[in-house]
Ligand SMILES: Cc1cc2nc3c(=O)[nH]c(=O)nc-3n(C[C@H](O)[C@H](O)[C@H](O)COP(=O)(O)OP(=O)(O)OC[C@H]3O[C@@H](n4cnc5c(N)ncnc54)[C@H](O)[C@@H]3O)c2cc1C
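Next up is one chain by itself, shown in structure tokens, the form predicted on its own.
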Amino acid sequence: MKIAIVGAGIGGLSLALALHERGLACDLYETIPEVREIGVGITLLPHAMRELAELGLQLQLEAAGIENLESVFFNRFGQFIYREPRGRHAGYELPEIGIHRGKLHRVLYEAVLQRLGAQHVHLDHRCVGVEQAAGSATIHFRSSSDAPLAPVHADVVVACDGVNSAVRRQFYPHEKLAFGGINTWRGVTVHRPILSGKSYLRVGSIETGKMVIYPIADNVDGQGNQLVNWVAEIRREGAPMNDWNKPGRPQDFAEIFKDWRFDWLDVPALIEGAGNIFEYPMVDRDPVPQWTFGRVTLLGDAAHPMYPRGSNGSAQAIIDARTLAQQLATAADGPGALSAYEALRLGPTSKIVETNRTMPPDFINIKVDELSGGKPFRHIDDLISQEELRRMSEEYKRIAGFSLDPSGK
């Protein structure tokens, strides 16, 4: 079976490695002409680490990132709301890791080169369309200079080309991104350890300003400072959508956080200290009824782009990869394997897309803001019990697929 993967991001690389583990060959086709370590932070939750550990990458990833000890929630006045242990500290067999996205991508990419061979990775190949005929599919490509490249024939085509997937657009040509007025700005700052130095922080809420903050590299300057990833989010009625391709400007959002100076963190200084800031829109797409069309299927963000809340987009792409590889290794034919994969993954990921919109992990902060009227409180127990907050957190984990008690009991 000749398998072609369109896109060499986290999902595409994970699929290539999962196929290789099962003795199946494939070729990857990636738009960019050169692989570089770009981006900001990402969190690898225990269910993502389970998949990556099975691919033999756990030790490399642990060495490249920081193991999270805890997740802590605060309101915008710096008042404590809720704390819970994470990863191994919560009883999971595997850690939860904060890591630079470029480092994660590099580990996956180098593993693919080593195991599959560089001849199976084709850079500077931008997919512009897929055609199908009896018994095969043909992918058409162009280079970065827009020159046409030789078409590729395959038995199976897997589109891993992201939220703006060219392959998905073929089957859903009139579909639009779903944007609800939430924009984000992301950066990394060399900073002294915050709280435990292994804490994942959610501060505030999207209605009045929210920050997600966690470390992704330790002792980066020989003086004990960490590389700290941060994400600023705000919902504004009628706001235009941020652009993926433009650098972020502090003047577009920093005013919201100007008074966020707490005993344990100076947020304005964190923003000011960033080397680079990137702007992104908070977007997803409505779940669709079908991913598989004959010999072509969708995977990861091409299949189920979701709000980047709960660190779950990459995890679901990696789980997609293992599921599809299993089906391709055991099914009698390619189209049958693609249909079986869709049947297993479409429903659960659609539920996560919807949950990330309405009841994400930071719903805890939104609920507390609602109960307090957006004002400081005397003590969190005056508003809501820690048990109720724990129940809300566990419900998200159950839907996302990494609860220690999937039954929800």
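All residue numbers are counted from 1 along the displayed sequence. Just so you know, these numbers come straight off a predicted model, no measurement behind them.
Beyond the structure shown, there is the form predicted together with the named molecule, which is absent from this document and is the topic of what follows.
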Practice item. Check whether residue 166 has any heavy atom within 4.5 Å of a heavy atom of the named molecule in the predicted complex, and answer yes or no. Key: yes
Practice item. Decide whether residue 348 counts as a contact residue for the named molecule in the predicted complex under a heavy atom distance cut-off of 4.5 Å. Key: no
Review point. Looking at the partner-bound form in the predicted complex, is residue 287 within 4.5 Å of the named molecule by any heavy atom?
Key: no
Check your understanding: Heavy atoms within 4.5 Å of the named molecule in the predicted complex: does residue 8 have any?
Key -> yes
Review point. Would you say all of 46, 87 and 401 touch the named molecule in the predicted complex, counting a heavy atom within 4.5 Å as a touch?
Key: no
Review point. When the named molecule is placed as it is in the predicted complex, which of 153-161, 232-240, 113-121, 70-78 ends up with heavy atoms within 4.5 Å of it?
Key: 153-161
Practice item. Have a look at 101, 191, 198, 322 for me and say which one sits with a heavy atom within 4.5 Å of the named molecule in the predicted complex. Key: 101
Review point. If you check 282, 317, 97, 328 against the named molecule in the predicted complex, which one has a heavy atom within 4.5 Å?
Key: 317
**Study point:** Residues of 116-151 having any heavy atom within 4.5 Å of the named molecule in the predicted complex, listed in sequence order
**Key:** 125, 126, 127
